[in-house]
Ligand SMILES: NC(=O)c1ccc[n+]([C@@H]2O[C@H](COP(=O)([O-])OP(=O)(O)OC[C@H]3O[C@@H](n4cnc5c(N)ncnc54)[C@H](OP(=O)(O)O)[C@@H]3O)[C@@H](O)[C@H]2O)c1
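Take a look at this single chain in structure tokens; it is the form predicted on its own.
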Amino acid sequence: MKACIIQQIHQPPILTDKPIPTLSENEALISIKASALNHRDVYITQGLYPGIKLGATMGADGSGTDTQGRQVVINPGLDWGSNQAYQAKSFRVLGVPDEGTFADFIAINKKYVYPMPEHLTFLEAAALPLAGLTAYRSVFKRAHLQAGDKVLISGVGGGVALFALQFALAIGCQVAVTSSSEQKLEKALSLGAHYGYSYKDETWTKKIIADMQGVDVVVDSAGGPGFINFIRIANPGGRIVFYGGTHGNIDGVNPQQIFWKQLSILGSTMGSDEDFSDMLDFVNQHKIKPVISNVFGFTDIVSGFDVMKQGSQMGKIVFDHSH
């Protein structure tokens, strides 16, 4: 079978031939029909993750069929553990060092294989797992998002942020987004966002307070110096949840603003098996379809990495394994 592996750090992944995996006890053999790219995959090629195993098949997201022909999607969060509050030390994400989804076939424990939502195509289903799981836990399990909440989602354009937008809109929240790209703001507004602000505009915090009278929930992936703006615009009792730190450390925080407004600042990472099941139920109930930015044939997988490095995508980058 064909598989996309990391052969060398700081080099693009390569396609190679590997034997079809043999099954261990409790494993299922899945024929991958589509897979999707995450920032994690790019970071692995840059050597930014511990425990990288050269020669391992990459990829966390995938959809396909099992040996009975059933359409399935794979939960990429492995060994979460028994505590719903946080992951066990053994927790890891599918794909490097474990054999991932960027291949014709994958052998994986049956407990991570779920029926694919019937309203989705293989390409759409492949776009869902990692980003959808991360967004679902962030907004519902950590920030306890409720109907009618006023929400800000920063850095819209990435997969998690877009799912957070779709999930919040599905339950009737008023949602604002930020981006440095006018095109991404326009796309978010077309998806239903009520307000869009360029975070390059130094007055954006004043505008969102004027437009929405502050927000109840902030969903962020960047951290960095802009984080203090979220504390300023959060309403009393507000919740700020973040699942990444691409802009670095959070400096200049005024603790008085946090405790006087009774704010909750929450970290979130991926999600449990229970979260994944609940996320699929939510997607099925609300017939949510992932936003796909680019589709490449599996043999052209390196092009997907190039697009993600440029940061121009609006939605998920997906690979069609039939091409």
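Residue numbers here begin at 1 and follow the sequence given. Keep in mind that this is a model prediction, so the values were computed, not measured.
The same protein also has a form predicted in complex with the ligand, omitted here; what follows describes it.
- This chain is drawn without the ligand; in the predicted bound form, the residue among 214, 81, 245, 97 with a heavy atom within 4.5 Å of it is 245.
- The listed set 205, 166, 154, 121 contains one residue whose heavy atoms approach the ligand in the predicted bound form to within 4.5 Å, identified as 154.
- Looking at 233-241, 143-151, 215-223, 113-121, the stretch with residues near the ligand in the predicted bound form, meaning non-hydrogen atoms within 4.5 angstroms, turns out to be 215-223.
- Using a 4.5 Å cut-off to the ligand in the predicted bound form, each of 130, 184 and 268 places a heavy atom inside that distance.
- The closest heavy atom approach of residue 77 to the ligand in the predicted bound form falls outside 4.5 Å.
- In the predicted bound form, at least one heavy atom of residue 39 sits within 4.5 Å of a heavy atom of the ligand.
- Proximity of residue 311 to the ligand in the predicted bound form: non-hydrogen atoms within 4.5 Å are present.
- Contact between residue 43 and the ligand in the predicted bound form is found at the 4.5 Å heavy atom cutoff.
- Applying a 4.5 Å heavy atom cutoff to the ligand in the predicted bound form picks out 178, 179, 180, 184 from 173-187, in order along the sequence.
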